[in-house]
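For reference, the chain that follows is the form predicted on its own, supplied as structure tokens.
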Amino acid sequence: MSQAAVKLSGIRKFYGSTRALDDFQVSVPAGVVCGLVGPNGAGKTTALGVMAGLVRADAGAIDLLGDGPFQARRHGGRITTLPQDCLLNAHAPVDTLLTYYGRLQGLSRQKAAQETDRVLDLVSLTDRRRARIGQLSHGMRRRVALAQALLGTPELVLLDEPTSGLDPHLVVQMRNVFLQQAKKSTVIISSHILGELGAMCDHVVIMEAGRCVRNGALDEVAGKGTLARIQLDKPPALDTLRSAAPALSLRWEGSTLSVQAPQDWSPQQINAALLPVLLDAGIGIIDVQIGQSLEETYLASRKNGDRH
């Protein structure tokens, strides 16, 4: 099993009488893109703040990269973050500010300049490198803030709503950036855009009222190996299908055959058991969907009040 990049146990955080985190426990493996999902007020921003050392927990244990809670001397340059509300110096030129952040990480002047060039290219702002922050649009300022979180060679990158305010084509571009970053870092992303998270995450943490209600590999949480929905052009003979595949639980819903398989089944086994029978019966297969989307998984968790 992969070593955990982040382990939080029994974390509690109060803001006055408001409990932002309530016995929050989570473990995120190293080398994954992890989606942090939950409604407004679930505690996502507070959880990221605790990880980054920006928020002091009232109780609980924190372990980052196997080296305890955040301390600048131990974790400087190894952990980077993009806060949800990130205000940048409006008077600073873009490249000067990023080079300064690189120096704060401990990079040499030359390396900080090289990294500034690299991350500006990643976020498509090379042509605005000498512009002052105050001259940029909201989306451009957000991209500069994202760029600073990608400087150097961080082992853990914490991003709170990183694509907020970006145009759709830039959201797609940033998704590719995050996937590239994951080849050398653990990336934890909080976002309300569940479709985007589902397209790039391989791990998910679902939060509700300051607690972790689901935590695991996305394929496992979303039932990628045990759930299937097969859209057909006409109703099948369920008795025939059940005789051919007695281990499967089958339901006909509208134009879709819903399939629940045992935990040790794979998608390939589901297809092999059902598709030949359907085709032999002259039933057209329009679409096959394995597992749930992240959005469906999240909504089901809220409906069922899961505690995993």
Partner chain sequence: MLNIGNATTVAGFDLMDSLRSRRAVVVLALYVAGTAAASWVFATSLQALAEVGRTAAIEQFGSAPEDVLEQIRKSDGLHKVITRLVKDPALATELISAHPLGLFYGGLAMVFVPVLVLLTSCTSVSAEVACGSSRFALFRTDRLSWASGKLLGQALLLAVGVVGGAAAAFLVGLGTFGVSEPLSLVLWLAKMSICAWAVGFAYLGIFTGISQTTRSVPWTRALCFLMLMFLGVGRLVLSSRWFAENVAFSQALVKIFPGAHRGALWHPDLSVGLPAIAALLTIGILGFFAGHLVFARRDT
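Since we're looking at a predicted model, the values are computed, not measured. Numbering follows the first chain given and starts at 1.
As for the form predicted in complex with the partner chain, it is not shown, yet the points below apply to it.
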Next on the checklist: Does any part of Pro93 reach within 4.5 Å of the partner chain in the model of the complex? Heavy atoms only, please.
Outcome noted: yes
Checklist entry - Is there a heavy atom of Ser185 no more than 4.5 Å from a heavy atom of the partner chain in the model of the complex? => result no
Next on the checklist: Using a 4.5 angstroms cut-off on non-hydrogen atoms, would Gly53 count as touching the partner chain in the model of the complex?
Outcome noted: yes
Item to check | 4.5 angstroms heavy atom contact with the partner chain in the model of the complex for Phe70 | outcome: yes
Checklist entry - Using a 4.5 Å cut on heavy atoms, which of Arg229, His192, Lys111, Arg132 is close to the partner chain in the model of the complex? => result Arg132
Next on the checklist: Just to be sure I understand the contacts: of Ala145, Met174, Val221, Val213, which is the one whose heavy atoms reach within 4.5 angstroms of the partner chain in the model of the complex?
Outcome noted: Ala145
Next on the checklist: Quick check for you: of 100 to 108, 201 to 209, 232 to 240, 162 to 170, which stretch puts a non-hydrogen atom within 4.5 Å of the partner chain in the model of the complex?
Outcome noted: 100 to 108
Checklist entry - Check Trp252, Gly282 and Gly291: does every one of them have a heavy atom within 4.5 Å of the partner chain in the model of the complex? => result no
